[in-house]
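Quick heads-up: it's one chain on its own, the form predicted alone, in structure tokens.
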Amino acid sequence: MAHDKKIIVGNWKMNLNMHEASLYLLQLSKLVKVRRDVEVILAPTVMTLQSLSLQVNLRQFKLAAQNFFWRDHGSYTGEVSASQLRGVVQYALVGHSERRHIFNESDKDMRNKVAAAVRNGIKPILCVGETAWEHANGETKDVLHDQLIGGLANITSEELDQVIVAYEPVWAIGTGQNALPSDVTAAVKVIRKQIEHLYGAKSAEAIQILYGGSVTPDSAADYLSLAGVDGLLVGAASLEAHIFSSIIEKAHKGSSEAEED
């Protein structure tokens, strides 16, 4: 099933201060046309989220948190909860490989975060993907199984339509190493198969799956044209307004061409 909307997420990671973020948003809003067939989501640092939420035109862009803590309130110094992000963001990243591998977050953290986001009316974007070692040793399928089961354990089939999955092979993030189209389609198939196993065929068909990992304007159209890929999670290339807007434009062109076929 082809989804009627491509999703393009820009993950700014730990870049852009308040002033830079505000200027960037202004620049991007002049470059990007509002399209019915493309949902553009920006994930700035938590520091700039609130001011951007006052500046952003929500018809043009949605906002996402890069991270949050899974409890709604309490004695957790330095943390921000999903309930505090309500009304500020529409989406939230969960389990980005940098959270898993640099900050040692576990599948238990992921399932609690996915549930906390849904509970607070925020759509979680659950990131899954294998490391270079796991990839080389043919463990991709097992890793995706474990991360999906782990991340979705607290989600009912009714809630699953709030969830987006992003496949991001860890070995392709920020390394300039591109995942081959065959790698991506194989992984996306594994993800849908696992969702079917957990929630049934209808849910597997309906869930939106993004690809992330060193996406550039040159590779964007190729990834977007792959069967079962509903959008992109973009890192470095989302920090430059002209580059990011050209990726968004490719998503629109791809959708309109698909409609004409």
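Everything numeric here is computed off the predicted structure, so don't read it as measured data. For every residue, the number given is its place in the sequence shown, counted from 1.
Another form exists, predicted in complex with a small molecule; not displayed. Remarks below refer to it.
The shortest heavy atom separation between S214 and the small molecule in the predicted complex is within 4.5 Å. Under a 4.5 angstroms non-hydrogen atom cutoff, the small molecule in the predicted complex lacks H252 among its neighbouring residues. Remark: V234 counts among the residues lining the small molecule in the predicted complex, judged by a heavy atom distance of 4.5 Å or less. Interface membership of I191, defined by any non-hydrogen atom within 4.5 Å of the small molecule in the predicted complex, is ruled out. Though the small molecule is absent from this view, in the predicted complex it lies within 4.5 Å of a heavy atom of just one residue from A82, L144, A115, A172, which is A172.
Remark: of stretches 36 to 44, 222 to 230, 205 to 213, 60 to 68, the one touching the small molecule in the predicted complex is 205 to 213 (heavy atom within 4.5 Å).
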